[in-house]
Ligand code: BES
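Here you get one chain, nothing else, as structure tokens; it is the form predicted alone.
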């Protein structure tokens, strides 16, 4: 993980808000004529600017509304921003808190500021799951994640660097300082994990190969005493019977890898949780070649793997009292004289045979053997993460991940974690009626079938996850941004981290 920002929290100001020296002061203001102590002091020092903005209708303090205070005479802050918190009597929900997090983060990062102070007024919440500490967790994630810069740009002259180094928070809260700091630290760790995933996703395919993912995972394990890593090469995978995974990399000069990370934070011998990521470092489609127009985005086909590597570091950073296995199945899918062909039949580690009708449906092939491999750890639950199908984008767009599971309790826990972390998923069915679409005349199962592509892909995976509670996250629409904002999003690290935090 990169060096994190210096974030700290206080329940009250150690000195008058007018005397605080900072590049940017973000002042939370409630809607209405009554200002809290900090807002009143700023208003008095700036010749009543807050009340004037409200009277003119330029700043009504609606939830997430912002305003720049043009004059800061009488204060020691270089710049002052106001953020609306709505009516003091109104209870805020999760979406309100997301708006506030984005607004506050936007104010802190709008200019080249190295330091910031955020003053948060008292808040009411509409759910027992929400609190000042959970709001600070959101803020920690948002700020750490938003100051991300892609440092690997080859042209260093054009490299954008983040200037924000330190942010202090004050909050009118009845919670203990220990709990508030824990929430902030947890959120910050999740933001850092998202940035790890972004870095891996953004690297070009000629650098981020299966071997690169393996060395990155090894390096991460070396940073944490309770995290270890084992790498399996092609010869070892062949001995284990992973012909299905190996078939994907047949046409590539890059060696396929299986990465197994082991975090031991719980009791010795306690069953672990497991997360499994698809790590196709570049996907041409193989012999079933993709159209060229947006093929450059296929470097993002390893975002499932990136989220696993990022989440493992979040859990190790937080020292959660659980055991966790992180598995990455990685290959490069290329056409070539040795590439797998449509119609080829391969044997999986489970013993089942697969007829490969489309070599561009390769993610499920590497995951099939990884899901069988992870069974040896007798996991409490297994969640696989993959940029698996374009069909999930047609169904859910770019804001929501697809979720399918053989266990309703696990599905609900993941959906709830996604809601908490504002990294939402939506459950799709994998009823038996879809399984017949994968029938093959020449093998136990075909790798594609039917119109419901996202669902039949999950049905395929379910054949290899029958011996434990399992869920599949299709993040093809959420793991990266398109267009001008092209790049890794860091999702679903928040969802996975929150799920594991809840289990701990």
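Please read these numbers as outputs of a predicted model, since none were measured by experiment. Positions refer to the first chain, counted from 1.
Keep in mind that the form predicted together with the ligand is not shown, yet the notes after this line are about it.
Contact check for residue 247: every heavy atom lies farther than 4.5 Å from the ligand in the predicted complex. With a 4.5 Å cutoff on heavy atoms, residue 264 does not count as touching the ligand in the predicted complex; it lies far away.
At least one heavy atom of residue 360 is located within 4.5 Å of the ligand in the predicted complex. Using a 4.5 angstroms threshold between heavy atoms, residue 278 counts as touching the ligand in the predicted complex. Taking 369, 384, 144, 301 one by one, only a single residue has any non-hydrogen atom within 4.5 Å of the ligand in the predicted complex, and it is 301. Distance criterion of 4.5 Å from any heavy atom to the ligand in the predicted complex singles out 364 from the list 138, 257, 364, 198. Heavy atoms within 4.5 Å of the ligand in the predicted complex belong, among the stretches 278 to 286, 371 to 379, 413 to 421, 119 to 127, to residues of 278 to 286.
Of the residues in 366 to 398, those that come within 4.5 Å of the ligand in the predicted complex through at least one heavy atom are, in sequence order, 387, 388, 389, 390, 391, 393.
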